[in-house]
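What follows is a pair of forms of the same protein chain, given separately as structure tokens and numbered structure 1 and structure 2.
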Structure 1
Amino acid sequence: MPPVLPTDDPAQTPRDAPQTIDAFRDRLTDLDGQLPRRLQQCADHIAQHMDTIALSTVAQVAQGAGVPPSAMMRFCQIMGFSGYAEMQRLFREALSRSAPDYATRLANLKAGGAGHPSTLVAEFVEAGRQSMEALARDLDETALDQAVTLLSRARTIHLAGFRRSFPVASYLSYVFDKLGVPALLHDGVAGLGQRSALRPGDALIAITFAPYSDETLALATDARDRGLPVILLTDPPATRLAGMADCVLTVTEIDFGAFRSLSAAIALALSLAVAVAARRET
């Protein structure tokens, strides 16, 4: 039974261990720059490999950071934890929450039998998830920034996307309308062109995936010739199309059996729309 302390120990380090990953990250940035050499190495390595902590031992993480295990232990204590085990608990809990029974459920759906509808759902969900991860991993932030800049200066934003890409274009049309951004969807109804609607000061978002739609490319070329900025939303192998656009945004859609979930393309398009709307208002 510990004796009651007469006064708070002034030497006691503050025991505010981060309770969430975000709090952990905040603490990391707070400490940045005011740490001894070895401890700073720990911080840098962990900041860049946060996802490995849940499944690694101290020795492994320390080796990755190029420091002895004892230095990593110090670091954990400076972060507010009692030790590595407590810090690891935070990441393990986050990891197990992110996949509560999702993996099992997917497996059960797949096990429903080939051809069973639920198997298809599992496959498409998996494809969609991978596409999302690929988007987050491979996103070209510079190109995205440039696209936002170009579009936020535009008077009217033209949207072109046919066949497989039409859902993306039409959703952009809906979102821009909701956000109060002037946009025009080139829907190709009745074979009527809307090319003459392209006016100086406008910009075009052209969405097309292999095999590329002739109508979309023709419209992009047309806009280019008129000197309008063209933002191209397409898949990675389309670098040969780079010449006809001012800015190329690529998304890697994982497909399952010839069909794509479009989830990555829509997520990117949505982000673009919201960012453009935000910048126009300022």
Structure 2
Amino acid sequence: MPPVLPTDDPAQTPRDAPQTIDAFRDRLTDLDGQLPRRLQQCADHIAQHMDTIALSTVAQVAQGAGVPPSAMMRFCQIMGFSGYAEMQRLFREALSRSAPDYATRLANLKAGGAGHPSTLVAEFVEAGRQSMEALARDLDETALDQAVTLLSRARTIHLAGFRRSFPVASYLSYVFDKLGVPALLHDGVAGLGQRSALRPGDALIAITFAPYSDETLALATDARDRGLPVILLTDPPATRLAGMADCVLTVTEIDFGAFRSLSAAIALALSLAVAVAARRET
């Protein structure tokens, strides 16, 4: 049984364990920003790697989150579970109900010699397929339409995506240029933020995934302070970032070996660019 926790802190209020994956996601969202640092690390890591919980040990998940196993166990209790095994059972039951069992196939490929080039291709293709299916299933059409409306009215669209997000931002810059949409890529070369280029009538697309880029968040904050619309492309649940954007688009990327192909993010970015160009012509 979980220990009896004090009730003056929302993050420590005793609660029943979630019975579904959707309820688990909702619980993560409710607790976001209310947890101590290490427990927040647990929450952030699990939110981005929920596909791995069914097949990972508590030590592996804790290592991925950068916390000791005891912190991960504590996080499980705050979520309402007696421990990691009970939380993992929720994900294993969900996995057993899914058909076909692609996650298990992917796990078997990892165990069967992932160093071979053709095996790596198969694994990354499978991870990309799952990411694309998740995008199609979970897409917030209302948020996407709002983003297209805001961007289609912009004089110039600014693009910010540093570190791992840079391929998405640079590809958007390329597509906007080919479509004749004025856009400016903030690439951070020589440490230049290009913030002086932010002008009234412009808009910003900020792309960042956990752990979030400080440079991207700083530019998004600056754009908001100047009254520019900010469109945020990130991973769920994104609760902590919602206040710095007019519109939030989320995409879940299934990873393999801690590497993410950005397949779904690129697909969403391309769709956004084409939709904006089409809306500007009407």
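These numbers were taken from a predicted model, which means no experiment stands behind them. Please note that residue numbering is based on structure 1, beginning with 1 at the start of its sequence. For clarity, a rigid core is taken as the largest C-alpha set superposing within 1.5 Å between two forms.
- Here, the chain labelled structure 1 is taken from the form predicted in complex with the DNA.
- Once both forms are fitted on their rigid core, the CA atom of residue 83 lies 2 Å or more apart between structure 1 and structure 2.
- When two forms of a protein are overlaid on their rigid core, residues whose CA moves 2 Å or more are considered shifted, and residue 226 is not one of them between structure 1 and structure 2.
- Relative to the superposed rigid core, the position of the CA of residue 46 differs between structure 1 and structure 2 by 2 Å or more.
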